[in-house]
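Consider the single chain below, provided in structure tokens and representing the form predicted on its own.
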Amino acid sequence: MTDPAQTQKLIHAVEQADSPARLVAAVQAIVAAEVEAGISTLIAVLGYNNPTAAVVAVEGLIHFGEVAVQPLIEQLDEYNYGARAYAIRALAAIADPRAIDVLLTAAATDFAPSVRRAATKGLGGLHWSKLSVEQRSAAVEQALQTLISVSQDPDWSIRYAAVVGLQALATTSHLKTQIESQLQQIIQTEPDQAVRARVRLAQQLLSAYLKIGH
């Protein structure tokens, strides 16, 4: 367990790093120390102009898991879309349903494609079992309707992400049959070859998933 003085030293090293390499090393040190007091600092790093450090910070936040969810939500950067995309990736990977409102809004309305893709993919894989039965039904339906809407987006990469999200939702919810029908509708009208290929893959994987008794 890292003592408070050592924790402050680790945080200070991030804040005072005077080169990209030193910043990465300082972030790696905080992640390795596994101190919850460093979570806010890791979130701040997402907004620095250092992709390598940001990726290390994201991995650290994912490792922290549920304890990082509320800070990520509260510190979501409204102005820096790069930082927001990294934060959404972390929230999606942790998959805590407390993030659903953030993911729904980001998937549907964010101006940055990278943010929308991350949120869209993450929507289907949330741990719905952490919600009460009443909350779960409404949340799953919200996720489904948002993914259906996003699957018609003009940007092919976001439609692709919607297919990934729908596939995940089919395996984490009671909506398998409805989602299979939706995927069939998508493939009949989808103009992009890559998206159609991803729909076919989703259909194959869901078919195999159902055959093994899920």
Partner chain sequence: MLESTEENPEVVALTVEQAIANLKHEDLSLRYYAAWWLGRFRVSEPAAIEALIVALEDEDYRTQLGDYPLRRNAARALGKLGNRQAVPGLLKCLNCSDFYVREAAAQSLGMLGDPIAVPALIPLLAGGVAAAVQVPGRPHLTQPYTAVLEALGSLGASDVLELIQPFLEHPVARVQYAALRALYQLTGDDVYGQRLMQGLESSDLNLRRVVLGNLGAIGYLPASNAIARASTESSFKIFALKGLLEHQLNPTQLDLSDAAIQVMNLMDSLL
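Residue numbers count along the first chain shown, from 1. Because the structure is a prediction, the values reported are computed rather than measured.
One more form of this protein should be noted, the form predicted together with the partner chain, which is absent from this view; the next part is about it.
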Q: Please state whether every one of the three residues D192, A197 and L201 places a non-hydrogen atom within 4.5 angstroms of the partner chain in the predicted complex.
A: yes
Q: Taking 4.5 Å between heavy atoms as the contact cutoff, choose which of A93, A112, L76, A108 touches the partner chain in the predicted complex.
A: A112
**Q.** The single option of L175, V35, I62, V164 touching the partner chain in the predicted complex, heavy atom within 4.5 Å
**A.** V164
Q: Within 4.5 Å of the partner chain in the predicted complex, counting heavy atoms only, one of 25-33, 178-186, 153-161, 63-71 shows up; tell me which.
A: 153-161
**Q.** A118: touches the partner chain in the predicted complex, heavy atom cutoff 4.5 angstroms
**A.** yes
Q. Would Y81 show up as a contact with the partner chain in the predicted complex if we use heavy atoms at 4.5 Å?
A. yes
Q | Sequence-ordered list of residues in 5-41 near the partner chain in the predicted complex, where near means a heavy atom within 4.5 Å | A | none
